[in-house]
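For reference, the chain that follows is the form predicted alone, supplied as structure tokens.
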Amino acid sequence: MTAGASRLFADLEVDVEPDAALGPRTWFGVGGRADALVRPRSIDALQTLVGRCHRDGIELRVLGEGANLLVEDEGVGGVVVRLDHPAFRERQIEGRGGADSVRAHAGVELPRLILETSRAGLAGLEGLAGIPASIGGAVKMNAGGAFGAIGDRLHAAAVLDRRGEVSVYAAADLKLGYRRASLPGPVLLWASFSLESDDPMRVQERVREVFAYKRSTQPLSDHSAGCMFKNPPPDSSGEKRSAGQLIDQAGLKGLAVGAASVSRQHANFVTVAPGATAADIVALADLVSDRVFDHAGVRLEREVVVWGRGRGEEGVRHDA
């Protein structure tokens, strides 16, 4: 970390860890380090830091739960922000349901919010059970699966622009799509959701059913980052295709590069064994993409976010 970079936050309410290991903070458990990992202790400190990074042309990334992230072995430059102070874990839950019945800051863990809303008898988020994300990362990538996406229930979001100023946007303004949301700024501050009142026991039972389904079909006990690839668009006849199905049909289950391999339980998961490197995972993902293209004529797009030095604006985002 350079002296110039350290002056960004020397007078702010933040905790700073220079040369911080990022790999162990991801679900893959591999990868390099950050020049500086910064934990703001207040929203004001975060706003000032975001504005200064923009002013000085310094890359800014937001680290969520690390569940959809791969950090290259060389690590990343600039500033990585972690929103895990209590100021960024606040949430308000209104048991009556309706629009804006739940508001959660970016650092709130999605599984915890699902647990709390289900106990309060609020339905709508239970289809996201088993997704290990922060609210900031989940909204940024419009996290979801077979049972729906978080954008289906999003009511509004507060976003910091590059100057560190806060604006609130309705969900319709964020151009939500499959595994994406167009945030008009680098940092999500909080999001609110529209949920319905229901019997708490019934909502909690749906949570258990969704989680049981995922546990039976996905390698949740292995080191992975969830689905490696996005599902491609429907083919010319309108038939939907899943990335896992295409990988399986190409005969790639068990394919390995180094200590990274395609899961035999779910072909769209890449799992890692001790000794794996980020380079192994990237090389395997590229090989799978090429093999699927050769077999089916479909080019798969990675869902897992890759952070590395020199990636520029691609890195200015929340991970999950």
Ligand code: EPU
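Since we're looking at a predicted model, the values are computed, not measured. Quick note: we count residues from 1 along the sequence shown, nothing fancier.
Below: the form predicted in complex with this ligand, not depicted.
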| query | in the predicted bound form, does Ala267 have a heavy atom within 4.5 Å of this ligand? | reply | yes
| task | Spell out, yes or no, whether the shortest heavy atom distance between Lys230 and this ligand in the predicted bound form is within 4.5 Å. | result | yes
| Just to confirm, Gly144 within 4.5 Å of this ligand in the predicted bound form by heavy atoms? | yes
| field | Contact test in the predicted bound form: Gln218 vs this ligand, heavy atoms, 4.5 Å | value | yes
| note | In contact with this ligand in the predicted bound form (heavy atoms, 4.5 Å), from 271 to 279, 42 to 50, 247 to 255, 55 to 63, is stretch 247 to 255
| Just one of Arg89, Arg179, Arg206, Arg103 has a heavy atom within 4.5 angstroms of this ligand in the predicted bound form, so which one? | Arg179
| query | Of these, Lys214, His85, His155, Arg119, which has a heavy atom no more than 4.5 Å from this ligand in the predicted bound form? | reply | Lys214
| Check Gly226, Ser242 and Glu303: does every one of them have a heavy atom within 4.5 Å of this ligand in the predicted bound form? | yes
| task | Using the arrangement in the predicted bound form, list in sequence order the residues of 7 to 26 with any heavy atom within 4.5 angstroms of this ligand. | result | none
